[in-house]
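This document opens with one chain alone, in structure tokens, the form predicted on its own.
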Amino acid sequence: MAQVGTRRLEGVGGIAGARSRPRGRPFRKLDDSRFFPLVLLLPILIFFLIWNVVPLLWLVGLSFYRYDLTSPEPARWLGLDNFTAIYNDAQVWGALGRTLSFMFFSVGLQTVLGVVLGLLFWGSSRMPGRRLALTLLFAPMLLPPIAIGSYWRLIYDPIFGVLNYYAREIFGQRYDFLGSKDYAFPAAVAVDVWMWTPFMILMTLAALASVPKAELEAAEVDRLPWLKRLWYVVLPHGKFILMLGILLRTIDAFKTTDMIFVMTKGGPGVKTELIGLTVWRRGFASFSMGAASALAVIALLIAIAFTSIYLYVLNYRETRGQFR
């Protein structure tokens, strides 16, 4: 009787197992399939294709046409005429020069201030209120650029701005920071530095955290000066993270548009008109989509060139060491 009961139980278990197995077989086959990673990545690839690749191809194709939204005529093939016109346009060269100057001063100041403040916070791990100070310091880069531009436009206001209140109290006069041809560009650079220096502090702290503690302790035991510690110990390990931060900030500063648009709209005159604002004016103010697309393609190629230069500088030592 016990054997019969055992057989019945085994039979029941076998039937239940046989019934439950087919349900998991398709998923098991999918798990074991080499196409399973592709299935997981497929939604992201479709999203990237629709929202990035297709508009980029449309932009490149439109740059070879004369396409004006205000003209009843259909789009007409121009070949390289749009790019030739940009090459001979002094306004574009002026905007490109101002953009490069804005990028150089803003990213340079952000890097210097970010590295200095990052080293200070790195060496003050026991400072009371350190976490609160870092949280407040990182707040500006979390705000939208449009909000930052509106906020600083009120601060710079020559009549009721906070900055002009202290300028009148200290120097006895007011300054039209955003309306003066001498102060508008430095004022815009100062706002960008205020907003994105915390990002470089964060990248500096990440670079310092990548340094092995054993090497830092060995440098301390050998009484290596702090400048040599930075050059021979910290920099070899943290240079990739730091250069990545500089690269991201360079590209972001090169395409700055919204903050400048809210603060000055490119004025006074064209003193603060950057390349992104020039593209906006030609595309959405003059409705010349072909010329705006050509200028956007040139700006994209310049950004790619900056990326290539940074990657070459970053890998220069490794490449030189391999061929020795």
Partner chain sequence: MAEIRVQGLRKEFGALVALDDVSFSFPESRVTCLLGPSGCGKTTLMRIIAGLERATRGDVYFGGQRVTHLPPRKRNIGMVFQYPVVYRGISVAENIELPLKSEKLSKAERTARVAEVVEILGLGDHVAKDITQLDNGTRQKVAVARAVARQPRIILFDEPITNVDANAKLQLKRAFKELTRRLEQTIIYVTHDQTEAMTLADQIALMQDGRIVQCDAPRELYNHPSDVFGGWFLGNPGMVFVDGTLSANGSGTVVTAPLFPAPVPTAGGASDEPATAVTVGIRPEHIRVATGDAPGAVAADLLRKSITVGRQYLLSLRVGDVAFKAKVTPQVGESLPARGAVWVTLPPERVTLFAPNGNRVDATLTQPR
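Residue numbers count along the first chain shown, from 1. Quick caveat: nothing in here was measured; it's all calculated off a predicted structure.
Below, we refer to the form predicted together with its partner chain, which is not included among the displayed structures.
Annotated contact segment (heavy atom within 4.5 Å of its partner chain in the predicted complex): 215 to 223, selected among 215 to 223, 74 to 82, 89 to 97, 176 to 184. Of the heavy atoms in G108, none are within 4.5 Å of its partner chain in the predicted complex. Residue contact check for V233: one or more of its heavy atoms lie within 4.5 Å of its partner chain in the predicted complex.
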